[in-house]
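Take a look at this one chain, the form predicted on its own, written out in structure tokens.
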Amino acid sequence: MRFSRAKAVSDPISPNSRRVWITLLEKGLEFELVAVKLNGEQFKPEFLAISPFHHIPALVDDGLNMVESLAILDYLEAKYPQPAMLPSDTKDLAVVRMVELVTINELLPATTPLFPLMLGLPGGDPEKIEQAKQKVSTVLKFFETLLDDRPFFGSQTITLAEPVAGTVIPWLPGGGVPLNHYPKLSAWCARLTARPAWQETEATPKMIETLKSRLQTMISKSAG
């Protein structure tokens, strides 16, 4: 399948962006990847014409400008239904949707205090870090209960739950939240990170160093 003049605006450091990028790859779609550096490029008029809220990701397909990653994933699944990334069984579909929404509404916000640790930088307030770890653990315990004997959430094949949760959870051990207490989730994570789509979209060491430098500058300015 081929997009009609499709452009995907992404950044491998951003889990919101990476989940769209991975889904495009998993579906075998052809697209043009446009990188936007979040150092001011997101405020340029040509990008604001696509994403007026200056957020990534964004997708342009067949004359339609799209923002919000979950909306983009639903669009891709509806327009390009093969390979299917949503189960047909109602309970399995509920599992996939719960994983998507809990990741975005609960897990991602909880990781904010842990993000410097994931990059190898000094942590901040120990109390906030401990609270974050507790919140993350609650999510991981919940996800562990949602996995059965199938390799993916609610399915024998990869679903939309994987690009959403699977772009956040692999980072958690670096933030001080090991996965060894969650055997199903740990095995699930290993399966995902071995897939070509995950490896192709992984942030390079140079990208991580650039982000670390930017974050260190922000921390220094706030401390000063």
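The structure presented is a predicted model; accordingly, all values stated were derived computationally and were not measured. A residue's number is simply how far along the shown sequence it sits, counting from 1.
Just so it is clear, the following notes concern the form predicted in complex with another copy of the chain, a form of the same protein that is not shown.
From the list 167-175, 37-45, 190-198, 59-67, the contact stretch for another copy of the chain in the predicted complex under a 4.5 Å heavy atom rule is 59-67. Remark: all three candidate residues (Ala71, Met98 and Thr138) come within 4.5 Å of another copy of the chain in the predicted complex, counting heavy atoms only.
Among residues of the shown chain, Leu119 is not one whose heavy atoms approach another copy of the chain to within 4.5 Å in the predicted complex. Contact annotation for Thr112: none of its heavy atoms lies within 4.5 Å of another copy of the chain in the predicted complex. Contact annotation for Lys79: at least one heavy atom lies within 4.5 Å of another copy of the chain in the predicted complex. When contacts are judged by a 4.5 Å heavy atom cut-off, Glu106 counts as touching another copy of the chain in the predicted complex. The partner is not shown here, but in the predicted complex the stretch 71-96 reaches within 4.5 angstroms of another copy of the chain through a heavy atom at Ala71, Asp74, Tyr75, Ala78, Lys79, Thr90, Lys91, Leu93, Ala94.
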